[in-house]
Each structure stands twice: as C-alpha cells, then as structure tokens.
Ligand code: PSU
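Next up: just one chain, as structure tokens, the form predicted on its own.
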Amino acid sequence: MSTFATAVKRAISDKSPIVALESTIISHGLPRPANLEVALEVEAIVRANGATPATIAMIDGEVHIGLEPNELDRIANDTNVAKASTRDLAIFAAKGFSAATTVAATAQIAHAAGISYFATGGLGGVHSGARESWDESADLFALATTPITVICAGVKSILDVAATLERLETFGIPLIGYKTDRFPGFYLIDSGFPLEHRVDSVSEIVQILSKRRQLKTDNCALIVANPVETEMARTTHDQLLKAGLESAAAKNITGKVVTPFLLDFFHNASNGESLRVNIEIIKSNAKLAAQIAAAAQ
C-alpha cells in the first residue's frame, strides 16, 4: 500500500510529467542541515522545469510517493531513519520502520506507480575488491529489470568503474552520455572510460525513448549520464579515495555501509568541496530529468 502526496496525485490524475527522487541522499548522503535545504531546492528545480517532484521514502512502514513538507523534514532530520533497498521494503513495512530508499528501491517503487523518470546523484555498482568480497550494489540488478529512465552523474567514483561498466553491458542496460563522449565519475567529469553513445539534446533522448517502446527493448532502465559541470580537483579526489578506503579497511567496514562511510569521509576531509560537487550533481540531474519528462509528454 502506498500513500501519494497531494501534488503527485494531481499530476497522475492530470497525466502531467513526474520525476522520482530518491531519499537516501537526504538522510544518509548529505550532512544536516544542508540535506533538507538541498532537498527543497531540488524539488523546486523539478517544478521550475515543468514536472512534479516525487521524493520517495517509507514512513512508519508505509511507502510514500512524494513527501509533504513535514514528511520531508522528518526524513531529513530523524536519525532513526534506516536505509532501504528493494529486499528490505516488505520487512521494514511489516515492522513499521521509517526508511530512505536507495536507487534500487526508488526505481522499483516509481515504476510500480507509473513514474517513468528518476533523477539521482551517482549509481551504485561493483565495489573495489569485489573479486574477493562479491560486493555489488543491488542497483545493478534493479536497473536490469526496471523500465525507467535514470538521470545520473555516472557511478560513484569510489567504485570499480571498469567492472561496473562491464556489468551494465552484461545486463544489456543502455547507457548514453549527455553532451559527453566520456563516462562521468560522479565527483569527476571523466571517469577515464569512453562511452559508445552520445546525445546533445533532450529531443534526442525523447526519440530514443520512443524507439525503445517501438522495438520493445524498454524492459530495463535507460541510463542518461550527465557529468558534473565543475569537478573536484583530481589530485584531491584520488588522495581522499585512497585514504578513505584505507580507513574503511582498518575499521572493518564492509557491504552497503561502505558507500555512506566513504561519502562522509569525503565530506569531512575535503573542506566542503565534495559537498559542493554532490549538491551540483543532484540539482543538475533533477533539472535534466524534468526537462526530459516534460518533453516526452
């Protein structure tokens, strides 16, 4: 059972464009109080570009598609909010938990609600050292099985980017660069890997979406990789990544808590630079997602 925010209900009734937004970035990805400020700004950006924002989360065991102001405030400031991937949803619902949704969970919930566009920061993928740990994000399987258009800044640069790209290819998930021939690396404009396909306008993306439906190849996600405009200094990034991975290993931090640990490490050690880039990423992706959703109507 899901609860729809008033604005989202109206948009569904009117058949007007909607953009899904994940809540993990609010509760676990950005520090307080910037997290709530950014969440409100991102929703405003989606509205300004012709779509209705639908931030997705679980509150007291119930899935919410779109959050009212008091609900958004709770997700941002309640320290007991868990992090829910797809496999956690039914368990958390039964226990009456509140949780922020990951890319995987948000994509599935949005698709089930009839929402076709989803803006996020960076995707999860294959973690460093996965040859020994088998640590891969559930995002990959969700993207392989969920027909939704995801606008992101590539995958998080703390991951094994090469292995992640291989998995995306294996799963048959189409990947296009928006105004770029290079796969972006979240904090970085260029992860070091080329892209096979590039588009330079929203109208090209809309045409691809139409052809996917005609050819019946829309059984998985379409990833639109939108690079950050002003990247973090690469030397700083590489130094922080090395130090962060060493710190995680020393503290025996593994599994799904690695990503939030490293993001927090970056935020604390970069004098606000990683926070600036992270905020720029989600705002830019929300804007592009809304423009695509509006143009595809």
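Keep in mind that what you see is a predicted model, and the values were worked out from it rather than measured. So that there is no doubt, residue numbering starts at 1 and follows the sequence shown.
The discussion below concerns the form predicted in complex with this ligand, not included here.
- No residue in the set Lys9, Val63 and Thr146 has a non-hydrogen atom no more than 4.5 Å from this ligand in the model of the complex.
- Contact with this ligand in the model of the complex, defined as a heavy atom within 4.5 Å, holds for exactly one of Leu195, Val199, Val206, Ala138, namely Ala138.
- This ligand is not shown here, but in the model of the complex it comes within 4.5 Å of a heavy atom of Gly29.
- Contact annotation: Asn35 falls outside 4.5 Å of this ligand in the model of the complex, judged by heavy atom distances.
- In the model of the complex, none of the heavy atoms of Leu288 sits within 4.5 Å of a heavy atom of this ligand.
- Contact annotation: Thr164 falls outside 4.5 Å of this ligand in the model of the complex, judged by heavy atom distances.
- Residues within 4.5 angstroms of this ligand in the model of the complex, judged by any non-hydrogen atom, belong to 138-146 and to none of the other stretches in 177-185, 109-117, 138-146, 207-215.
- Shown without its partner, the chain has Asn278 as the single residue in segment 274-297 with a non-hydrogen atom within 4.5 angstroms of this ligand in the model of the complex.
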